[in-house]
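Heads up, the chain below is alone and in the form predicted alone; it's given as structure tokens.
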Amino acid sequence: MKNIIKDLIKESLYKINKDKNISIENIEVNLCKDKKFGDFSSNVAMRYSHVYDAKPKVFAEEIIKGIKEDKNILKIEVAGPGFINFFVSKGSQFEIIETILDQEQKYGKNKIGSGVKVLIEFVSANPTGPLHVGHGRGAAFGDCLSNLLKENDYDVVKEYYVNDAGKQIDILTLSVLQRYHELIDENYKFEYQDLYKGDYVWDIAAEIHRNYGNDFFIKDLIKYTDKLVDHYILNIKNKFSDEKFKKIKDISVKFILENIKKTLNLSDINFDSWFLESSLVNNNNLKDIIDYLNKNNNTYTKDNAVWFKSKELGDEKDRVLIKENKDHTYLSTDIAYHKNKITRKFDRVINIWGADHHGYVPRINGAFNIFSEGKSELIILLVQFANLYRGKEKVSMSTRSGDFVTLEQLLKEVGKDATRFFYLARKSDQHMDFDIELAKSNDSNNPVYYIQYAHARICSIFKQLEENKMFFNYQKEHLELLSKEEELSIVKKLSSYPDVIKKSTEKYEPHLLTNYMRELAQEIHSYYNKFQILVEDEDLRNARLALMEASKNVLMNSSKIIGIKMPNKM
């Protein structure tokens, strides 16, 4: 119906002035929230009145005059400052049911992203420990956004950037080395200030000892410790051969990455690519970008360090790329990584970062624009933290001390469906409270249970149909028997689904889809509780079954995007 209205408006605009070319993609037609204003509304008169040198309300009247008669349109009115409201015939309202039953899993898909290559990077947690509940929100958001982009026909690659070459990895290596020595000799008692203390460090140390015995044992290791972690790292590197230090580092990173992949798999999140930071250092990418920035006057040397002129690009101050000791900073490898993304010829690059990285945005944006020269677009989306609660009690979180709830623990306790949905239920740039007890509950207060139960109820109707030896015989003309306000409300909600998919993608806001699912479930429950579906009147029964089948398809389609299952019974 929307497309019919758009065509009518487009044709009228052409009659008014053939020289003006307003594309049909730029003509907005939306469902009216309030029935008294009609079924559909367009703001085209207000949006383009200046192009036609007319006042919006007068222009709206002129557009209406140019719209030819159509059997689907009962009445057209101008409202407010220039909205054009359309009242459609009863039969045309039900065309959406026919469309859904015909398209099934294809309903809601569109082609707006056709031919556009997108790289979406998310999670990318340092491989220094297990994923915790804080990482879970970005993981669910990134995966759902990827699904939405695919639904709009974008060519999507999901990537995890592995920071395996920085100082934090050296600190992890020291942490494992100390635990390794404690396993060999219980007399070793180390300070753990600035080191990782989680149980997983013991697990890595135990695996090394199991496979390599005492090969990495350093007599009097405690003499090499230092309160300044940088000095401690240097002492151990000087004591160890490069090969031995790298061996412990590689084993530790591999152990944690395997754990991360296992956790993500529990949430049905799989990446197309795992990009290693170390590859940028090893294949001269890092040197190449520093040379390029030097030649283009984007750097300068001060205090024997190389600085990036990031302040000129919107950052609050300039940043170090190469330290005085010639070590690279995270910024230098991050710039090299984004340069690599550009060379892979993605039209759009999306980064999903934690909100604590907001200060990092200007410098990466600036560097990206230097290399992309407008050929690729960078979009950085920030995800706020999730606070974990058990009822009213807040769960404390401290990553370095090892005192945190892992994402794996949450998934196993709450389940994948509730975990994903709860993470997506609020706008990503807003703080959220994740209540474990609510997520585990089996009542209408739990939105996941509520939505899944709506689907199960529909399935139970069709099971009863079969048990009563009745059949669903769809006939389009029967749909006009759907005259109850609740039935028409569900039809309207189903009609809005494609718009929700499009809007959720364009705004990068998956919570619009979770909100939609809750609203549709509420409509279904209200209808189910008030009316009998399997009535004696065969024609009315088939009309109501068609409405329920269409609703089931939309619940199923939306659930696949969110990443939750729709059970047939509960």
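Only the largest set of C-alpha atoms that superpose within 1.5 Å between the two forms is called the rigid core. Just count from 1 along the sequence shown to find any residue number. The shown structure was predicted, so the numbers you read here are calculated from the model rather than taken from an experiment.
Omitted from view is the form predicted in complex with the RNA, to which the following refers.
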Check for me whether the RNA, as it appears in the predicted bound form, comes within 4.5 angstroms of all of 46, 355 and 532 - heavy atoms only. yes
Just one of 245, 180, 371, 453 has a heavy atom within 4.5 angstroms of the RNA in the predicted bound form, so which one? 453
Picking from 262, 189, 90, 317, the single residue whose non-hydrogen atoms come within 4.5 angstroms of the RNA in the predicted bound form is 317
Using 4.5 Å between non-hydrogen atoms, is residue 427 touching the RNA in the predicted bound form? yes
With a 4.5 Å heavy atom cut-off, would you call residue 215 a contact of the RNA in the predicted bound form? no
Quick one: is residue 568 in contact with the RNA in the predicted bound form, heavy atoms, 4.5 Å cut-off? yes
Would residue 359 count as touching the RNA in the predicted bound form under a 4.5 Å heavy atom rule? yes
Only one of 207-215, 100-108, 150-158, 444-452 has heavy atoms within 4.5 Å of the RNA in the predicted bound form; I'd like to know which. 444-452
In sequence order, which positions of 459-484 have a non-hydrogen atom within 4.5 Å of the RNA in the predicted bound form? 460, 461, 464
Exceeds or equals 2 Å, Cα of residue 522 between this form and the one not shown, core fit: no
Establish whether a shift of 2 Å or more occurs at the C-alpha of residue 6 between this form and the one not shown, with the two forms superposed on the rigid core. yes
State yes or no: after fitting on the rigid core, is the Cα displacement of residue 45 between this form and the one not shown at least 2 Å? yes
